[in-house]
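This document opens with one chain alone, in C-alpha cells, the form predicted on its own.
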Amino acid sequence: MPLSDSITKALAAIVGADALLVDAADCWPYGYDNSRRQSLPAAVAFVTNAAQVQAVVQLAQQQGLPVTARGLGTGTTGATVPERNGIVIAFERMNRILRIDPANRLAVVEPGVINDNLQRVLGEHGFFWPPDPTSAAVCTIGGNLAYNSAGPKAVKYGTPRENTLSLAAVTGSGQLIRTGVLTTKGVVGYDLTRLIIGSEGTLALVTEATLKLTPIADAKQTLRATYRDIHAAADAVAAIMAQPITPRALEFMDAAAIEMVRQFSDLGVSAETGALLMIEVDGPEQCVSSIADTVAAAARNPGLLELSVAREREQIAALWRTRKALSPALRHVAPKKINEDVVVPVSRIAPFIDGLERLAREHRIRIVNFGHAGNGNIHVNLLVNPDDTDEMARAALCLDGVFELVIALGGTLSGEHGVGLEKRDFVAREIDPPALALMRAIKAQFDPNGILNPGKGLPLQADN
C-alpha cells in the first residue's frame, strides 16, 4: 500500500524530493539483499546527515511505520530486507570520511563509506582498519558495524567491536545518542557501543563512527600448507594458535572447496590434498621471516604434504583472489547456496567437518566448507537447486542438523554474517529464555514502538 500524500510530502520535506523514491519500480532494488529475499518498501529515503535520519525516524514513529537501514545490500541473512510498505533509510550518500587523526590512531566516518575506500585513504597515513570482509570492495562501514563483520584479519586484530571507539546513533524513539569514548580506555557507564554493533539496525541507526586504527606492519609473508586430511589441518590450526605468535590470517579450505576451485583455477596442489591452510604473518621487516618460520614450525605435523612461502607479490595476490572468489564462485556451481558462517572452538574443527560430511551423505546435499580457521569461523555452504522441492526439503533437514552440531560442539550460529531472518528461528537453541527476555527488554528501551527493523535478530514471540 503506498504512503499517504501527507507522509510522502513530510519525507520529501526532510530529505528533498530528489532524495526520495516512492514509485514501486524505483523502490524495488532496495527491497532485497544478498540473501535473495525480497520485499517491496513503500519509500526509500536517501539521507545525508544525522538530522535527516532523526527526522525520518521521528516521523516513522509517529505514523507507526517500520524502518530498515540499508548500506549497499551485501548482507546474506535478510537483515536489510524491509518490511512490506515500510521505509528504507538508505545511507549510501552519507559517505564522508570526516577526520583522520594519526596521533590518536582514530578515524571518524559516516556509515556509507565503503570499506575499501577507507582502507586506501588510511593507507596513505600508514594505518588500516582491521575488519576486511570478502565484500570489502562494495560493503559499507555501517553494514560492517551492523553485522560485526570482520574477515580474515580478525584472528589477530579483532572484529568491529574491538576496533570501534564510539558511535553517534538514532534510537527507535528518535533520540540522537553518543556512545563510547575517544580513548582506548574508558569504563564510565554501560558499553552501548558494543551493544549497538552487531544489532543489525534493531536498536539504533548509526550516523557516525569513531574507528580505532592500527599501523600497517613493515612486512608480511604468506604461507600455504596442504594436508592429507582435515584432522591434520585442524591439528595444525590448534598448534599455530597455541604458540605466542598470532598470524594475521589463518584461512581454511576443505577437500570439497579445493575440488571446486580446481574447476576454475589451478591451485597447484596434489590430488591427495584433503585440506589447505593459507597463513599470513606480519611484523617488522627484520623479524617477519623469523615469525614465519615459527608459525611454519607449528604447522608441521605427520599429515603435512607441502608447506611453501609465497614470495612474489603476484603469487600472494593470486592466492588471496582464489580465496575471495570462493564464495561468489559457488553460485556458478549450483543455482542456490545456503551460506552459514558458524563458529566452533578451534580444537573442534575436525569433528565439525566430519559431522558435516556425515550430514552431506545422510541428506544427499553437497556441502563446501572454507573460512577463518584461526577463530573457528567456518563458512558452511549447502549447494542446492531451489526449483527441486525434494532437494530443498532435504537441505532444510540438513541445515537443522548443521545447527544442532554447532551447538553440541560448543559453538555459535553466526560469526559475522548476523542473524537477520535466515537464522532468527534458530536463535533460541543457543540463547536461553532469561537472556532472550533481557534482550527483548533492551530492544524495548531503545525502540519502544518496535519500528526499527522489526522481526529481525530475535525469535518472534507467540503473540506476534
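Model, not experiment: these values are computed from the prediction. When you see a residue number, it is the position in the sequence shown, counting from 1.
The following text describes the form predicted in complex with another copy of the chain, which does not appear among the structures shown.
Visitor: For the chain seen here without its partner, which of 189-197, 107-115, 271-279, 353-361 has a heavy atom within 4.5 Å of another copy of the chain in the predicted complex?
Guide: Of the options, only 189-197 has residues within 4.5 Å of the partner.
Visitor: Looking at another copy of the chain in the predicted complex, is some heavy atom of each of 243, 246 and 432 within 4.5 Å of it?
Guide: Heavy-atom distance to another copy of the chain in the predicted complex: all three under 4.5 Å.
Visitor: Could you confirm whether residue 62 comes within 4.5 Å of another copy of the chain in the predicted complex, counting heavy atoms only?
Guide: Result no; residue 62 lies far from another copy of the chain in the predicted complex.
Visitor: Residue 96 near another copy of the chain in the predicted complex, any heavy atom under 4.5 Å?
Guide: Result no; residue 96 lies far from another copy of the chain in the predicted complex.
Visitor: Taking 4.5 angstroms as the cut-off for heavy atoms, does residue 397 touch another copy of the chain in the predicted complex?
Guide: Taking the distances in the predicted complex, the answer for residue 397 is no, it never comes within 4.5 Å of another copy of the chain.
Visitor: Might residue 442 be said to contact another copy of the chain in the predicted complex, defining contact as any heavy atom within 4.5 Å?
Guide: Yes.
Visitor: Would you kindly say which of 226, 135, 148, 369 lies with a heavy atom within 4.5 Å of another copy of the chain in the predicted complex?
Guide: After the contact test, the surviving option is 148.
Visitor: May I ask you to choose, among 175, 315, 385, 308, the residue with a heavy atom within 4.5 Å of another copy of the chain in the predicted complex?
Guide: Checked against the cut-off, the match is 175.
Visitor: Of 267-294, which residues get within 4.5 Å of another copy of the chain in the predicted complex if you count heavy atoms?
Guide: 284, 286, 287, 290, 291, 294, in sequence order.
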